[in-house]
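First structure 1, then structure 2: two forms of the same chain, each alone, as structure tokens.
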Structure 1
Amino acid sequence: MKNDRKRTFLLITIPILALFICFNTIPLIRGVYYSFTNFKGFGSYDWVGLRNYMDLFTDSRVGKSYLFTFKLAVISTIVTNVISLMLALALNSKIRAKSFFRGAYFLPNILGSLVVGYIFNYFFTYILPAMADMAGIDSLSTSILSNPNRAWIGVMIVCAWQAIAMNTIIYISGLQTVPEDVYEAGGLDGATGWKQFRYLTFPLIIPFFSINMVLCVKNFLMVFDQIMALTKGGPAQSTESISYLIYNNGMSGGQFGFQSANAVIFFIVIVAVSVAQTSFSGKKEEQL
């Protein structure tokens, strides 16, 4: 009987583990291997040692894409969390048609981000300038997506539009864990409004805040669909995210080996950011 149990567990684990290794671990190792070669994606290639990595740190296009991606991730994360926290508080207050509002505000999250990007692309290119013209705001009368200094704002808005839906629903589930009598007790001590939020509500939903931060940063760092639909990295490579650069130059630009090195660095960055966030929020929770 005992042997049957052991055998069954092994028979389950081994094939599934093999599948995982075949399509996750082996390509990962191959990716690291290619990063030491000058492979173009076809034909023969040579071992070049660390040259790709050296070039990576001096390549201005790569540097620019890291700057853009991090700027987008940090600002989008702040914007998304501030708005979704306010929205969650509103949706959790005493309102009518609660489930309708919650359902409606979650809608953006289920829509495919590529198509959402295309729809917003049209909005930024035609509707917004036309509106600005009518209102007499000259600075907005050309498409923000065609301006190298402003295109990232367009990308940020689309990213946030979808992420807010997700974060709000997580904050709401956090707010529901706060028992009503905490507010009542706090009310007696004069904790209302901002004070109530700052000293009562927020500390109690810190775990949900952590979840949202981790989710946001990870998703925004890997942004791809929105770039594809809105700007294709332009204008003047000002909105080239790391994922987009790796895809574009690695898959069709003949830089398979070089972009593999970029991907390896990107992987290390993602792991470092995730680990840092997890340990940081772990400490924060302990203090409280």
Structure 2
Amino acid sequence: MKNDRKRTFLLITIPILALFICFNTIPLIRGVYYSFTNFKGFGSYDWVGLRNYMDLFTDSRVGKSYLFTFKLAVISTIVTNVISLMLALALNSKIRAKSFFRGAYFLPNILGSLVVGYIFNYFFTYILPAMADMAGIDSLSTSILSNPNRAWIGVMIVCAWQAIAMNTIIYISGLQTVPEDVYEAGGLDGATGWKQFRYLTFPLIIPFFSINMVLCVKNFLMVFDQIMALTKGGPAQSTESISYLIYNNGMSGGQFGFQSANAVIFFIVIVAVSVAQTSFSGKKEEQL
């Protein structure tokens, strides 16, 4: 009976492992291999060694995309977590229609990123300028997506708007783990309002805060759908994220080998950032 059980689990595991190797491991290995070639995505190619990796550090377009992506990730992470935490505190309190509001705020997470991006594209291009004209606000009378200095704000708004939903749910889960006894004891010591949040609530939900920070930074560093729907990297490549640059120039720009090297470096950067965040958060949790 025990052998049959093990055989069943093995039969379930093998197909999943095969699919993972087929669609994840093998493409990853081939991508690393192509990063050492001048492969254009078609035809023959030659081995070029580390030339692609060396060229990455001198390519201004690649450097610009990294700066934009990290700026977007940092600002979007801060905005998302501040708003999410405020919403979670409100939705965890004793208010009417609490379940309805939780469902309503989670709706953006259900919608596809491309769909949301195209809707906001229409809003930024037509609706917002029309409203600005009626209100006499000249600075918003044209689409912010057409301004190289402000297009990133539109991308950030869409990224944060969609990410807030999941973050809020995670924060609510964390807030519900805080015992009422803690607040009652804190109330006796005069901890109310901001002091209650700073010294009681926040230290107890630090693990959930850490999860949200790691997920936010990772997801925003890999931003692609919103760029595709809103700006396609423009205007003047001012909103070209790393993922979009790898896709655009690798698939249709004849730089498959070069962008494969970019993808390998980007993968290492994301892993390094995630590990650093996790280590830092773990130390903070131990101190608390």
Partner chain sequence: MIENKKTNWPVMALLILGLSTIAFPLYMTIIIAFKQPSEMTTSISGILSLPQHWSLDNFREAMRVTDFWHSLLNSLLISVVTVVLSLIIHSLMGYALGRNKAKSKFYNLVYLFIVSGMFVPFAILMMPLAKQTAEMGLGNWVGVVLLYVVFYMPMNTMLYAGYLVNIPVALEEAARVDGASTWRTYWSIIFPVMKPMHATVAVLTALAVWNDVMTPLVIMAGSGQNTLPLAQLNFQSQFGTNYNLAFASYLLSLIPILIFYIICQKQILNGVVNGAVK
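Under this definition, the rigid core comprises the largest set of C-alpha atoms superposing within 1.5 Å between the forms. Worth saying up front: this structure is predicted, and the values here are computed from it rather than measured. Just so we're on the same page, residue numbers count up from 1 along structure 1's sequence.
Chemist: Could you point me to the form predicted together with its partner chain, 1 or 2?
Modeler: If we ask which form is the one predicted together with its partner chain, the answer is structure 1.
Chemist: Superposing on the rigid core, is the Cα displacement of Phe267 between structures 1 and 2 2 Å or more?
Modeler: No, because once the rigid core is superposed, the C-alpha of Phe267 moves less than 2 Å between structures 1 and 2.
Chemist: Is the C-alpha displacement of Ala276 equal to or greater than 2 Å between structures 1 and 2 once the rigid core has been superposed?
Modeler: No; that C-alpha moves by less than 2 Å between structures 1 and 2.
Chemist: On a rigid core superposition, how far has the CA of Cys22 moved between structures 1 and 2, in Å, if you could check?
Modeler: Displacement of the alpha carbon, after core fit: 3.0 Å.
Chemist: After aligning on the rigid core, report the distance the C-alpha of Leu11 travels between structures 1 and 2, in angstrom.
Modeler: For Leu11, the C-alpha ends up 5.8 Å from its position in the other form.
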